[in-house]
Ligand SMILES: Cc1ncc(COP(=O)(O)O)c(C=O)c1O
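Just one chain follows, in the form predicted on its own, and it is written as structure tokens.
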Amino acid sequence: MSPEHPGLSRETLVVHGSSRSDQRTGALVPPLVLSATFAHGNEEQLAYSRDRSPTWELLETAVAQLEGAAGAVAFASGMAGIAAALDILPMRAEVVVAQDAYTGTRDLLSHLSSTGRLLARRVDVTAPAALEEIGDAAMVWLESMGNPLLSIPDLRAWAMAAHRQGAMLVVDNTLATPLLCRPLELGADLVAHSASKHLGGHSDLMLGVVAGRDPALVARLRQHRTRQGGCPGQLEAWLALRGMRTLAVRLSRQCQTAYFLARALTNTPRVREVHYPGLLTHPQHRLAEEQLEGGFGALLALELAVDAEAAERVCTSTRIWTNATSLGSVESLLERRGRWAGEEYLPEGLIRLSCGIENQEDLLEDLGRALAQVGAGPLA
């Protein structure tokens, strides 16, 4: 529940917590304030939009309410938010990071390690023994759902282990969103989002948000944004606010479609494995049932028993699915993840599917046609 809206579900909060009628005009849609500077003496004490913006603040309040946070800070991109969270750490501090974390996060940590700014160590966060490997790390960086293999770490156990060692726990909650998972309630210190994905939901903006339990920590992130200048655009923040109002209905449909496809694709010829936490065969299925609420996510990974070239042909042979790099939007996307630097550890035939809001039977038929072209056989 949100302290500002006691008793309201998060499905209601995404509609009413992310917007309020304009007191002056009665407009139901929050006004888009494009001004970069403000006349002194205004009621909101606004001065310059690198410090504060009315549009940002509405978005930050909305995300903080959904995450149950003391506050949130919007950034120009998800990576800008990730960089700000890492910059909190002192020189040469150690970071334990999930081995299947987002490629951009791993790439940034690799760069910071090469320059001596931080030390990064990748671990299998689903292995119980990894909880004992935090050592002297100052931060543990997890994802509520791993990308693209959909691993599920035990966030409560990791929070306890990290805090026992004096480390901070940060969770990238982009894939699950606050509607499926609330890491702060499970003990995390910070939660990061690429709002370009599910929160915005329409592939039309670049934005990041970081929320935290400790007001002092949130204030440090806000100071970082002001000093470093990683400020989001006003239009992007406004679009994210608009997108969030339909998050509950979009995500519900996407989760239903992902579950439908995961079941339909299991035991299909040439499909070696389907990675989806909603399946009983997923190694962390029981934990996912406990930790996720309202669905198992809109993303699944299809591991084909074909080579890279054949997998690429599948991705370029669909009519509805778009061969593109992203997730969480209204249109369905797919791509072979091994095509990217840093993803070589993945099976060469692994395809990531991000489910949109199209008809699920149409999506299955389209994918089945593409699979049949490379000898995977039609889908029942």
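The numbering used is simple: start at 1 and walk along the sequence shown. The structure displayed is predicted, hence computed values, not measured ones.
FYI, the form predicted in complex with this ligand isn't displayed, but the following is about it.
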property	result
In the predicted complex, the one of 291, 268, 147, 257 near this ligand [non-hydrogen atom within 4.5 angstroms]	147
Heavy atom within 4.5 Å of this ligand in the predicted complex - the one residue of 207, 72, 155, 140 that qualifies	207
Options 86-94, 188-196, 115-123, 241-249; stretch whose heavy atom lies within 4.5 Å of this ligand in the predicted complex	188-196
Contact flag, residue 351 vs this ligand in the predicted complex, heavy atom cut 4.5 Å	no
Residue contact check: residue 151 to this ligand in the predicted complex, 4.5 Å heavy atom	no
Contact of residue 175 with this ligand in the predicted complex (heavy atom, 4.5 Å)	yes
Residue 78: touches this ligand in the predicted complex, heavy atom cutoff 4.5 angstroms	yes
Heavy atom distance at most 4.5 Å to this ligand in the predicted complex, all of 264, 276 and 367	no
In the predicted complex: members of 80-109 within 4.5 Å of this ligand, any heavy atom	82, 102
